[in-house]
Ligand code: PEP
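Below you will find one chain, with nothing else, as structure tokens; this is the form predicted alone, and questions on how it binds or moves follow later.
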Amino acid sequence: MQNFPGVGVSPGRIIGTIRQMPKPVSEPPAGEQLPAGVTAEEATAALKTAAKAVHNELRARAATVSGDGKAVLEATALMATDTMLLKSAAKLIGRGASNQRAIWEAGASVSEMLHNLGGYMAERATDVLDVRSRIVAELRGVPAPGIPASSSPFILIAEDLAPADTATLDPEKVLALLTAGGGPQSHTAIIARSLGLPAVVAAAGVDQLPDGTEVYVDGAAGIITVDPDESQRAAAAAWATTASLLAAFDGTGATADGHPVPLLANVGGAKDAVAAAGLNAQGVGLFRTEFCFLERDTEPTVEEQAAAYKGVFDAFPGKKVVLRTLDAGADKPLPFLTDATEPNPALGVRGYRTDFTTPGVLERQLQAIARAEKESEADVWVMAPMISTAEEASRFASLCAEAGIRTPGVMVEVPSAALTAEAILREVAFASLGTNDLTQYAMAADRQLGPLAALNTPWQPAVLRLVGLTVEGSLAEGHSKPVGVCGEAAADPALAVVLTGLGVTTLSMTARALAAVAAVLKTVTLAEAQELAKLALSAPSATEARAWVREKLPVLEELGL
């Protein structure tokens, strides 16, 4: 029996056959010329045939999906036969370039031109780069990049998934996600949790398995097994029953003895908020406003922003909505706000710091938030990301007051903020722990790197101590301020118990995790959660912290979590 150990990031026990994500298409060699004996006319005809084949394949796939995925596929299909793209390539072929090199260079030129036009046309720039890779793959006779097309459900394996890959990811067809790279807080992990798919990351070697191999996946334990045995088949069958029991959250997060732990949702816009409300989330603990700005070359107007924010607020009338101001930078660049040439973007001008270099954007965002709040019934709280000092917290609170925002707060994701939480929380009304970045910065480990997955887990005792210090600072003499968690750590049912024991007041997560977290919280008293928190803090490693706590929570094994 062949096993591939990895890091479990989204629970579930599944058996299925695998499909490998095709490797990215490599760039044709610079200066590659037409092969001997092949005329420019023949090369151009072959290119047009390949482009038509790509167009037809994308159109066929578009007919099988709906929503955003359908729109992406249809737009890319149109670009495959774009006259300007193909004429530009034909000219290069006429000058002696191979058809692969010609379409590669033509794609780069057209993409740059569209990007410079801005607005809607700029949004099509990435479509060009996608379609040129597909055409080159067709010319080479190799699989096209992106999620494989399949008539039957399968388990997807990749090195890692980029956010763009998810546009065509159909959860009705993809049973689970497995990656050789990435970490517990990588894009793949976040995607899997949001879609409710079992997932294991950082499973070295799994990308070498041949298509069609049958595997067993335990997304909680981080186990992948080739040719599953009868006990694993029974576990997968039992999970199918358990999953249906964990599908519903009754809207009340609490421990067994009635200690309230409100369970909130992380959202990126109105569509997410409506879905979260439908799953009985008790509010929003993290509204990622940068999703309203992505793929824009210019700053949205105050009116445009207010409309986007109101859509989220309206989904939760009378309930708390915690909005994070722009967290641009690092892996979320915005052309009008961030500097793409920074040597180390994760440690650069991002989040609240963008107000140092581009003043005015934050103030206009706060004006838009205040306007949307006045027109809604939500209880709006506003927090700034990447706050490092009490001075920054004080200035942000002043900006909020000037805009008419009543409840200012901060994200605690820089270790200095956790270490000085008492001083920071004298300046604002609340704090929310962003455990993804807090872990990354505390452990000096890029959360996207598979080789660092063991370091980059919020189970690290050092990270848990920073959480505890933040709570201690919130309860200092003279004030008592709420401290929530909005990082992916809150979606881990076992870790949710530990966070509750550390004194965290609310937990915010992908809406699909609400029911599982609620089910486990209801099996422990607050005193038991506090004992488990002490146990985790005493562990010498993240691995032992997780194992010790899980051993004390047999409900996790019963539920397959």
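Throughout, we count residues from 1 along the sequence that is shown. Keep in mind the model is a prediction, meaning the values are calculated, not measured.
We do not show the form predicted in complex with the named molecule, though everything after this point is about it.
- Though the partner is left out of this view, R447 does reach within 4.5 Å of the named molecule in the model of the complex, counting heavy atoms only.
- Residue contact check for G182: none of its heavy atoms lie within 4.5 Å of the named molecule in the model of the complex.
- Proximity of G219 to the named molecule in the model of the complex falls outside the 4.5 Å heavy atom cutoff.
- In the model of the complex, the named molecule lies within 4.5 Å of some heavy atom of T435.
- The chain is drawn here without the named molecule; in the model of the complex, the stretch among 398-406, 360-368, 133-141, 411-419 whose residues come within 4.5 Å of it by any heavy atom is 411-419.
- This chain is displayed alone, yet in the model of the complex one of G351, P458, G107, G487 has a heavy atom within 4.5 Å of the named molecule; that residue is G487.
- Shown without its partner, this chain lists K310, R101, R288, K173 as candidates; in the model of the complex, only R288 has a non-hydrogen atom within 4.5 angstroms of the named molecule.
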